[in-house]
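The form predicted on its own is given below as one chain in structure tokens.
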Amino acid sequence: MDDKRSELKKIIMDTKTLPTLPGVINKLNMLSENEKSSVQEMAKIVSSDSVLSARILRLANSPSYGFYRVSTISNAMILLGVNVVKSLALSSSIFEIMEKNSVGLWEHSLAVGVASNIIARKLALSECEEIATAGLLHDIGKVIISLKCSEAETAILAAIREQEIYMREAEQLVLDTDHAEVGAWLSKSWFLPDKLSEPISFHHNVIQSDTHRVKTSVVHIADIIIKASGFGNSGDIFVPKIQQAAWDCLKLSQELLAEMVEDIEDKLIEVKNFSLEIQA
């Protein structure tokens, strides 16, 4: 069992085995670490790949962010921030695979991004765009498991049905790891900032989140609200309870939660329409 886990980690930590665009990403990473680099310089690097640019702009114009008519990479970087655009660049190829092969998971991920943004704004948090991105990417580990462990994925789905357990439990049974840990490995491989990698890693176990527990709590609650709504398909057949650590961290009340749920449900029609446009 541990051999399978080690093999999967090795595959993920080797970026050459993943559907990324190393040349553009490496240049973007170098520029983003240089304080003297301008947004225009970074935008020029991304814009050199027309397919990548189109994917980023499509995601930048999604309901996850609430911006419309984002027509240039420079504009996307100014509105969303360099970290968000870099994350979208890294994940764009994987999202394309999700859109084609796992529409339910794509719609779930998109909706969690939207819900994370709505919750963050309702609580007047800073960096709402990065919280939305963490929500959008929270289940990226599921996509990697599907891509790299197709036989294991079949066994995982069978365990969920037969034993009536959560997907994470089934993943642990089959792979000795789960999609949250796989997402953590991927985040490390991609050099994502902690403010994005921590919610991806701990959205199912908020108490383990330390530095960015607020962001992690938002993504955790957004994930549960979307599961409860029945929108998309996360792979789980049950809706988990909101963890006390997340509830306490965000100082929630039943009234505030009800308001959030109502706002999110109103937005889901827009998310569905966007998803249908993408699939057309």
Partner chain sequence: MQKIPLMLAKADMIIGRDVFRGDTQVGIPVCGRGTVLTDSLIDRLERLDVQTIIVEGHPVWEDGDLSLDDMLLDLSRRFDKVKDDPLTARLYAIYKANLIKSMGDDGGRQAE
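In this text, all values refer to a predicted model and were calculated from it rather than measured experimentally. Residue numbers count along the first chain shown, from 1.
Keep in mind that the form predicted together with the partner chain is not shown, yet the notes after this line are about it.
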### Task
Could you work out which of 233, 229, 32, 53 is the residue within 4.5 angstroms of the partner chain in the model of the complex, going by heavy atoms?
229
### Query
Does residue 6 reach the partner chain in the model of the complex, with heavy atoms at most 4.5 Å apart?
no
### Message
If we define contact as a non-hydrogen atom of the residue within 4.5 angstroms of the partner, is residue 164 a contact of the partner chain in the model of the complex?
### Response
yes
### Task
Please run the contact check for residue 36 against the partner chain in the model of the complex: heavy atoms, 4.5 angstroms, yes or no?
no
#### Entry: Interface membership of residue 43, the partner chain in the model of the complex, 4.5 Å heavy atom rule
no
### Message
Each of 225, 257 and 265 having a non-hydrogen atom within 4.5 Å of the partner chain in the model of the complex: is that the case here?
### Response
yes
#### Entry: Contact stretch among 45 to 53, 24 to 32, 243 to 251, 211 to 219 - heavy atom within 4.5 Å of the partner chain in the model of the complex
243 to 251
